[in-house]
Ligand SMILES: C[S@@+](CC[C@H](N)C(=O)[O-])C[C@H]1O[C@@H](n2cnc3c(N)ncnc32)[C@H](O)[C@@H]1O
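As a starting point, one isolated chain is supplied in structure tokens, in the form predicted alone.
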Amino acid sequence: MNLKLKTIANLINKEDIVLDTCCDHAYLAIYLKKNNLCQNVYASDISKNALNNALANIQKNKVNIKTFLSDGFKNINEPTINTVIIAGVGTNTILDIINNTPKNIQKFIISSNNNYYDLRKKMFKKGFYIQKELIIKENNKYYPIMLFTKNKTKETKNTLKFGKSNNKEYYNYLLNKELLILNKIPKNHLIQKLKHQKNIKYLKKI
């Protein structure tokens, strides 16, 4: 199992009843089940081929995991589920899924491929707050893995924009990215320059 899936698994608690959406080969669900890391786990995917692969792996590993062929929560009626994992897809897909979140969901663990600011803002509007954010690096790309719950925590525009990680290497990467953007902005675009100067000031403080 890769680093991303192991990092997600470390955010699961014993009492969690988990739905692994976009489960692909169900490696994560199988790992959780075999190691008794949660109370129960389900797996779902929108792709029939992906779900067939998941079922084959589940049978091969001799574990009992109920699966669903479903677009997000649409074909899932399991009111005991309280924790949802969404990983390996982009923010637009994730937002489509969370727009139909059942009331029983108390916790999300999300690893998006892009648009992290939009994701954090939308989760905040839906009443889910960042409890923890871990950064992993795979194939020279950084991936924030975000734990959201309904427990209120302080959020600002900067925490929504840049997250709540304590990974200095990641923030140095973001800082250098902002500096490159700033250097490319024409001198007469003052408002745009000011926006990135504020971002740089914040990132330097972290």
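Note that residue numbering follows the sequence shown and begins at 1. Computed from a predicted structure; not experimentally measured.
Keep in mind that the form predicted together with the ligand is missing from the display, and what follows is about it.
Undergrad: Taking 4.5 Å between heavy atoms as the contact cutoff, choose which of Leu119, Ala87, Leu134, Ile130 touches the ligand in the predicted bound form.
TA: If I apply the 4.5 Å criterion carefully, the residue I get is Ala87.
Undergrad: Among Leu174, Ile181, Ala50, Cys38, which has at least one heavy atom within 4.5 Å of the ligand in the predicted bound form?
TA: The residue in contact is Ala50.
Undergrad: Given the stretches 42-50, 29-37, 155-163, 58-66, which is the single one in contact with the ligand in the predicted bound form, using a heavy atom cutoff of 4.5 Å?
TA: Heavy atoms within 4.5 Å of the ligand in the predicted bound form occur in 42-50.
Undergrad: In the predicted bound form, does every one of Leu5, Gly72 and Ile97 come within 4.5 Å of the ligand, counting any heavy atom?
TA: Yes, each of Leu5, Gly72 and Ile97 comes within 4.5 Å of the ligand in the predicted bound form.
Undergrad: Might Cys22 be said to contact the ligand in the predicted bound form, defining contact as any heavy atom within 4.5 Å?
TA: Looking in the predicted bound form, residue contacts with the ligand include Cys22, since a heavy atom lies within 4.5 Å.
Undergrad: Using a 4.5 Å heavy atom cut-off, state whether Thr93 contacts the ligand in the predicted bound form.
TA: Output for Thr93 is yes: heavy atoms within 4.5 Å of the ligand.
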